[in-house]
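A lone chain, given as structure tokens: the form predicted on its own.
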């Protein structure tokens, strides 16, 4: 106990930053969510839970929530599966694998705004690279207005979000694979395990902690994907790519309903906390010992 007390001064700077940068803004946001503040005027009125009721009934908010869940599920599924497959292929140490790892990691270091502008040109229905490639291989019927079609626009943006961070997730899985003792793998092979059995019964249980991190990180990133969505579609067409972050931005800075934006932020915080807890429970690392 005395030792912990002596450590408190060393924890103080970090604790102070946490209180200032997270706790205070969260409490302030909750307070504004109970008012009708427009973000500019010096006065505001306390409205209780009215913002929570009106936001929950808002059709655009409901649509942004559904879009965000579609976006999140697509990103998490594509990123987890693709990064795991790449990690299994590139985990062995060799110059060629290191070069490919670096190649797949390059999109991660690009800014989301740059990625958004690049893929806006790729998706261009008339001059875009994607439709051009489909036409060149005889798949002209598959060409689309990828960002202008309300039915697929959210999936088109989600694919870009997944592409941009696959390399980052791959590195996490590579680290997990390289941490698996070779003796376990060799023993399983000597016992006659085929590649599928080797992965399911030996490697996957040991990769559970890395998988939990990848899924949770992908989820948080997909909910924070404001700049990419805003750059590529701005939430359109017809709110088909409106997600919670763009809804909050539009409420606060376009419609000047700061109290309502704060309410949506609180909903956002609760939702992402709930999803993260459920994911960690589903991918509990203590299953490794089962």
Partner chain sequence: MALKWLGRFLVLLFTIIILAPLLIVLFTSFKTTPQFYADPLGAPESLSFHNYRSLFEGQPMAAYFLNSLTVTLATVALELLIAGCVAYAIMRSGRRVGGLVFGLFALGLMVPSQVNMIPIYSLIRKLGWSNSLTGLVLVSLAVLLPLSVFMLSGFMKSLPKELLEAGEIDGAGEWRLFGQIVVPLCAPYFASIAAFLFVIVWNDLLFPMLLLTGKDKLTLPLALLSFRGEYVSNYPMLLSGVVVAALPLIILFIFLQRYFIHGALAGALKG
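Positions refer to the first chain, counted from 1. Bear in mind that the values here come from a model prediction, so they are computed numbers and not experimental data. Superpose the two forms; the largest set of C-alphas matching within 1.5 Å is the rigid core.
The form predicted together with its partner chain exists for this protein as well; it is not shown, and the discussion that follows is about that form.
Here the chain stands by itself, but in the model of the complex one stretch of 150 to 158, 80 to 88, 67 to 75, 137 to 145, 80 to 88, has heavy atoms within 4.5 Å of its partner chain.
Of the heavy atoms in residue 32, some are within 4.5 Å of its partner chain in the model of the complex. For the chain shown alone, residue 28 is a contact residue for its partner chain in the model of the complex, at least one non-hydrogen atom being within 4.5 angstroms. Using a 4.5 Å cutoff between non-hydrogen atoms, residue 249 counts as a contact of its partner chain in the model of the complex. Not displayed here, its partner chain is approached by residue 227 to within 4.5 Å at the level of heavy atoms in the model of the complex.
The partner is not shown here, but in the model of the complex the stretch 248 to 280 reaches within 4.5 angstroms of its partner chain through a heavy atom at 248, 249, 252, 253, 258, 261, 262, 265, 268, 269, 272, 273, 276, 277.
Residue 44 shows a C-alpha shift of 2 Å or greater between the shown form and the other one [criterion: core-superposed Cα displacement of 2 Å].
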